[in-house]
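Only one chain is given next, in structure tokens, and it is the form predicted on its own.
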């Protein structure tokens, strides 16, 4: 009988894992509960749908996301290759048409020999001797989350996340905006709403004074610092947004020749330019308040919202207690955890986690962990060995890579040296294992 691997969850990690396993010659049963059971954030039933932002971060090798993507390219990432085919302008970052990308990935996986996509909610952990990859994501259904709590012997941890508003292009007054990328990186790929001090202070005051959607009584408000709701950032100080997502550094309004006090950026969300996303404006404000407050921004007076920002619960395991550096369950070695439920945070990190789980689950001989001098290897090692008492989902940062051997005072050059070392180490790992 042909060996089969079961994957629960058709998000970024599950889709990548399915491709890697099928490429190795093994069969895959990929379970996705949508559209039978929808989530709080997804808009459709396509696989690998990006729900929060359409950006996969900078492509510069000296950036955390840039190094991760370089390593994924070396490992033949299916998702990354698909993303590059569906990119939209975003300066030196890789941004995509989210819906078209998801549709293309779904079609390709559906047509790939060896992959069987089953639209069904899994409510219990399957009893099988074959490898099982749990990639149910941060929006794991309540029923399956309850089943997981038995495996983890403790309640699942969680934090709250929020999405950004999406605005119809037809409703934007582009005459009040200017096109530019910070420091002229890219082809003026962002639309910028310049704010003077009075306009900025009105925005901050309005958001701080508005009433947010409240967490349910039995849930604590735990936010992930890398994705704070914009109103929470505003509450941290009157200039916190001006030094955060609204920072005007590197942007000059061509109509005045001066740098604005603050800048709200819009990023193209689809290839047809029908929708634009408010960059960095993930929010849990009530829909009526979002419409009222954001319509005060120049150029958005008549904004039509395709999607309001909204809040959702993210479920994840306490990774240091549950998995090893192969993302393998310590209690049951046939089970692997991939994607955000495993304790990684971010789109690219989730893809990387899914790719490695696909390799580990389909190759019994693959028992050499990735070098910790690589971005992916250091991330997987960190989530498996971090302190469990206060564990939170983690993105990759250069701080996870040891400084030894790359002593350099220039911070950017130091990152470049670490990146060069990471790529060399990964290349040797790939050659040794003949991936």
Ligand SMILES: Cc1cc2nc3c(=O)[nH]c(=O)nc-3n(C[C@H](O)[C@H](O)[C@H](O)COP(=O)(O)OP(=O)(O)OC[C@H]3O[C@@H](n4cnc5c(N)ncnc54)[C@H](O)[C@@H]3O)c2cc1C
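This structure is a prediction, so every number in the text was calculated from the model and none was measured. Residue numbers count along the first chain shown, from 1.
Unshown form predicted together with the ligand; subsequent notes refer to it.
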**Complete:** Within 4.5 Å of the ligand in the model of the complex, heavy atom basis, the matching stretch of 237-245, 291-299, 342-350, 200-208 is 342-350
**Asked** Looking in the model of the complex, is the ligand within 4.5 Å of a heavy atom from each of 93, 191 and 273?
**Response** no
**Message:** Given that the ligand is not shown alongside this chain, does residue 312 nevertheless sit within 4.5 Å of it in the model of the complex, heavy atom to heavy atom?
**Reply:** yes
**Asked** Does the ligand get within 4.5 angstroms of any non-hydrogen atom of residue 12 in the model of the complex?
**Response** yes
**Asked** Is residue 121 a contact residue for the ligand in the model of the complex, using a 4.5 Å heavy atom cut-off?
**Response** yes
**Message:** Just checking whether residue 283 would be counted as a contact of the ligand in the model of the complex - the rule being heavy atoms within 4.5 angstroms.
**Reply:** no
**Asked** in the model of the complex, which of the listed residues (63, 53, 373, 394) lies with a heavy atom within 4.5 Å of the ligand?
**Response** 53
**Complete:** Answer key: of 33, 379, 67, 401, within 4.5 Å of the ligand in the model of the complex (heavy atoms) is 33
